[in-house]
Each structure stands twice: as structure tokens, then as C-alpha cells.
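Single chain ahead, by itself, as C-alpha cells, in the form predicted on its own.
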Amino acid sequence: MTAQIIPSRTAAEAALAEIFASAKAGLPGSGAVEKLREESFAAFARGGLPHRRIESWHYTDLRALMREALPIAPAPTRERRAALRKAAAALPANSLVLVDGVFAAELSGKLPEGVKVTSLSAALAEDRPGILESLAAAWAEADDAIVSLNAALMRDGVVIDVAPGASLAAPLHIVYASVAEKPAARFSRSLVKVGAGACLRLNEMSLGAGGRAGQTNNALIVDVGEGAEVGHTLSLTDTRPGSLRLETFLVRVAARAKFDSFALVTGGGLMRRQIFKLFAGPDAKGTLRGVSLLRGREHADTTLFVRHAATGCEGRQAFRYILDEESTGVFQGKVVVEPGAQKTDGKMLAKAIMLSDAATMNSRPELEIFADDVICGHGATCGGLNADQLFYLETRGLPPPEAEALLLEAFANELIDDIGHADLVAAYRAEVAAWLAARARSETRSVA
């Protein structure tokens, strides 16, 4: 693989080509894995970083926004991992820790019965049967440069197998941590296979600066078996200014399975979360929800592709944004109902509250329906806080800033309360409260 295959390449694209050329020999896997890496980087290199002329990236021109490509974070030494031991000891039970994209078994908790976890690097080295097919996730039809780049440079992650019929009482946590001394890039790819009839709650979170600084390109693939129930939550909070975070979530839902996902997004830098979801079996139910809280010059993009390929499936997509100062929010949702996917019930709605005339919200919900017996709808709203509601609270004695904060908190927490797990609801509510408090302090300093 040579750098010349990227035409008119930017400095970041040229650096990525050099990074791949120098790093590929040391990445795990051989034979078929090496072929997958080469093909994936070639797919990325043909077009380079996605830009505004690519429809799904129209509002997040990564070619223009990504000025440099950071070197891959070095593998954490045993000593540097040990420095995280105290912080890791305070993590919830059932935590799986990735340090700069590398699975650290010694920092991870004891696994519950019915769950087997191996590192991605070990699974690739062992050439486990079917592992490449699962990791490639061709069913997602994710023709995307960032997904290809992740497949080319994936260094590690976790492979989680949940046995059929297993029921986990507590959430399983994937924790992203970092010990890199200098700004660096991380490429991790994780796979979760949930057996038929199993019950799992999965939570993604960060420890310290892990995943919140530098450049991160993560991919998580979830394969939900027949009749299984999976709840998923993701905390993309406190991302550091100047950072770049790209998150890809691919999920396949089998017959009669139930899947629910929620993400909270706050912080500086540039964030893009893209979701590829397939209803693969009949009578499945799936929900995607998220709240983005943005201020300053923050940019957060949520783009989802939902494909109904089976009969009688129910899909719900609900996303909310609070935008202040010069922040930019992006929501793109495309739902495709394939021929034969009759009795589909699908709804998608994005709402945004604009707290500043300088804020920008880009909403584009889409439906493509190729079946005639469906119930589908979509919508998007943008506006300020309700003046009547503010006036009502103020007449009850609340100062204007507190009245405003109360309405914003209610707007965000309405989706958080649907998570269905008391501890996680409390944690995400606390994140919202912390963001509102930080905003109030910033406004107070501005007035002073």
C-alpha cells in the first residue's frame, strides 16, 4: 500500500497513509486479516476523508475540519497500566477496560456467569471461526470511509459472547481510559454477540481523559440473537476542546428481539456518531435515543441509517439537542423499509432548543418506503424555550435563570428516564445537571 493512491490528498490524508504503511506489520492478525486491512484502507484511500459533497457528511466536512492525523497511541506499558489501578478500582462491577484502545484484563472486573470475553487482538491472532465475518459486518452495508479506516487500523478491543438464555443482573461496562503522554489516535473495534433469549445491559463510558482527548475512531458491533433483550447506553461527555471523536455503532436485531440504545453527548471538539441498524428478523423492536448538550463552538453530529428488512418490526428514533452560543448540531436520520417488510411501524423525531441566535441546527430526517402496508412518520422541530412556561415558573417565584434551567433539564431528562435502569438514569441525570451548572457559571462570569 502506497501513499500515492490518495489523489489531491490533504496533509491529514497523507499522514494516515504513512501511518498505515508503518503500522500494519505490527497490527494483530495475518493472512485473511491482513487482506481485510489492505482492502479496507484501499476503500478509504479511494475517496480520502469524507467531505461535504458526500451526502451523509454534508454538515460535517471532515476533510476540511481534520487538519492533522495524530500518531497511533503506543501500547501502554505494564507500569502505565498500573498507574490506572486505583482509578479502575472505583469502577462499577463488570467493567472491561480499554487503555488507549488496548484491552487491559488486569484492570477489568470479574465476569458474570454466561459471559465470555477475549481481546480482539487475541481473537484475530487465533483466527477464530467466523470472527472476520462478524467484524466486517457486511450486513450493515456501511459504505463509509471512517468505518473502512477503523477496519484497517483496528488494534484491539473486546469480543464479548453472551450465552443463549443468560440474564445479567448488572450492566456490563466498556470503559475507555488513556495513559498516553502526548496527543495520540486510537482505533478500537469491539464485537458483542448476544445469544438467543439472553438479557444484557451494556454501558460505554470513559475514565479520566480516555476517549475524551486526541483523536478517537471507535467501532462497536452488536449482534442481537432471536428473542434477546439488550439495553445500551453511551456517555460521550466532557470531550476535550480540540479533540476529534468518531463513533460507529452497528447493530443487527434478530426475530422477536428487543433493543434499546441511548447516548448523551457533551463537551468540546468535534464529535460524530453514526449508527447502522438492521431489523433482520420479524417482529423485532428497536429504539434509538439521544441527547446532545452543546455550547461554545462545539460540533456534534448524529447520523443514523435504519433498515427494515423483515415483517412486523417496530422502530423508534428520538433525539434532542440543546444549543447555546455558536455551537452546531447535526441530526441526519434515514429509515429504509425494504420490499416485503410489511407491517413496519416506524417513527423518527428530532427536537432542538436554540438558546442563541448564533447557534446552528441541521436536521434532515428521511424515509424510503418500498412496502405498502406500513405506518411510518418523521419530523423535526427547532425553536426557543416556551415563553408561557418561563412566565409561569417566574410567577411562582423562580428567578429567570433557574426557570430556564428547570425547563432545559426536563427537556433532556424525558429521554433519559426511558433508560429503565435506576443507577444509569441517576448517572446521566447528574451529567445533565453538571452541564447546566457549568453553563450557568459561564454566563455569570460573562455578565461580571
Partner chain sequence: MLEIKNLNVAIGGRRILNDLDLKVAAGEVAAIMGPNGSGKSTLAYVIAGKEDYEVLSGEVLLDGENVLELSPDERAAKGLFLAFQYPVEIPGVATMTFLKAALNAQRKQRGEEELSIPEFMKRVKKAGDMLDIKPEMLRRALNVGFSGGEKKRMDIMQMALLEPRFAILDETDSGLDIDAVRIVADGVNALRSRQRGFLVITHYPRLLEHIVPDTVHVMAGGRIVRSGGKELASELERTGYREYAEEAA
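Positions refer to the first chain, counted from 1. Here the structure is a predicted model, which is why all the values come from computation and not from measurement.
Keep in mind that the form predicted in complex with its partner chain is missing from the display, and what follows is about it.
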| property | result |
| --- | --- |
| Contact test in the model of the complex: D61 vs its partner chain, heavy atoms, 4.5 Å | no |
| E55: touches its partner chain in the model of the complex, heavy atom cutoff 4.5 angstroms | no |
| Its partner chain contact at E39 in the model of the complex, heavy atom, 4.5 Å | no |
| is_contact(E402, its partner chain) in the model of the complex, heavy atom dist at most 4.5 Å | yes |
| Its partner chain in the model of the complex reached by all of F391, T395 and L407, non-hydrogen atom within 4.5 Å | yes |
| D423, E68, E414, E34 - the one with a heavy atom within 4.5 Å of its partner chain in the model of the complex | E414 |
